[in-house]
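Quick setup: one chain, the form predicted on its own, written in structure tokens, and binding and motion questions come after.
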């Protein structure tokens, strides 16, 4: 297997297993050397899946440090709980392994600096697996922005708008880390699905940067009502207390003058959306109705815009991103409408060629920092909080984001 990339997977919960089955096992250029999880049943199930797929047996361990000592492991994929991401990523970089971290927010600014300093000391590449950066519509919008369709950009907004009440309520039964985070923290706990694509559109860390933020949180009522409905009105009050506000709104000011508005909405009934909007001097895009409104072209539909909903389809022919033109020809694979496949494909390509990853440690640190900074702002009643420059000035000279197909 010398021509294949040997990988280790740390964390075999829902996300780790999804990536394994949809994006790793179908590949012929990658093989799993070892897997790690605290729970033995997950390791056993992974062994069964590998066997069923006709793949070589992988070593199963409970301590990720054992994987880092294996010479045949060239790259590590971290899909463990949020709290463990930074520790494992730093250890992996020190071990010289190409490293990939699944998404989640940071618990302190110190964690973000740990990532940056570890990378700068080791020069080991570490990729943040923000799959929404590879979404078809997100890359279409990036292409449209680069073609100046929206003019000078002024404002972007987005959200993680996803009803997670069942997942959170049954966190103990399913051994899911979200439950303890919602009980103990009040913050924008999952900012990067919306922020990643927006950061690329606004050249964050590559000619632009985030300066300050303010965050406010609503009261926490959704989970308590859901738990009492699903587990009975006698459900212990102490077991239904949540610090996490139902709606968290975060506004970010950028160095070039743009603003970003992020919304976390995961504990009230609602349909899924990432709520992406892009506003510029020549027009705007709205994900909620998949529409593009352009000045001079669409003004006459001002009061009857519902007639133009879904007109986004008109723009793919001209502005489809090259990555997706190629992907559509080859055939979409993997989960999350194909985004997962593209994300891991980019990581594996970089690891095999020993080249820089497309979503790097400076992106990871700055995007992850929004969680702990929003927590601080909320605790201070919505006071402004400074966002560190994790590039230490490199944002002034770094080139705009690009990803190859």
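Residue numbers count along the first chain shown, from 1. Remember, it's a predicted structure, so these values are computed and weren't measured experimentally.
Keep in mind that the form predicted together with a further copy of the same chain is missing from the display, and what follows is about it.
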In the predicted complex, the residue from 162, 185, 290, 176 with a non-hydrogen atom within 4.5 Å of a further copy of the same chain is 290
Give me the residue from 328, 211, 251, 95 that has a heavy atom within 4.5 Å of a further copy of the same chain in the predicted complex. 251
Candidate spot 221, 296 and 306, all three in 4.5 Å heavy atom range of a further copy of the same chain in the predicted complex? yes
Tell me, please, which stretch of 163 to 171, 76 to 84, 115 to 123, 137 to 145 lies within 4.5 angstroms of a further copy of the same chain in the predicted complex when heavy atoms are compared? 163 to 171
Quick one: is residue 318 in contact with a further copy of the same chain in the predicted complex, heavy atoms, 4.5 Å cut-off? no
Just checking whether residue 393 would be counted as a contact of a further copy of the same chain in the predicted complex - the rule being heavy atoms within 4.5 angstroms. no
Even though the partner isn't displayed, in the predicted complex is residue 383 close enough to a further copy of the same chain, meaning a heavy atom within 4.5 Å? yes
Taking a further copy of the same chain as it sits in the predicted complex, is residue 231 in contact with it (heavy atom to heavy atom, 4.5 Å or less)? no
Contacts with a further copy of the same chain in the predicted complex - residues in 274 to 295 whose heavy atoms fall within 4.5 Å: 279, 280, 281, 282, 283, 284, 286, 288, 289, 290, 293, 295
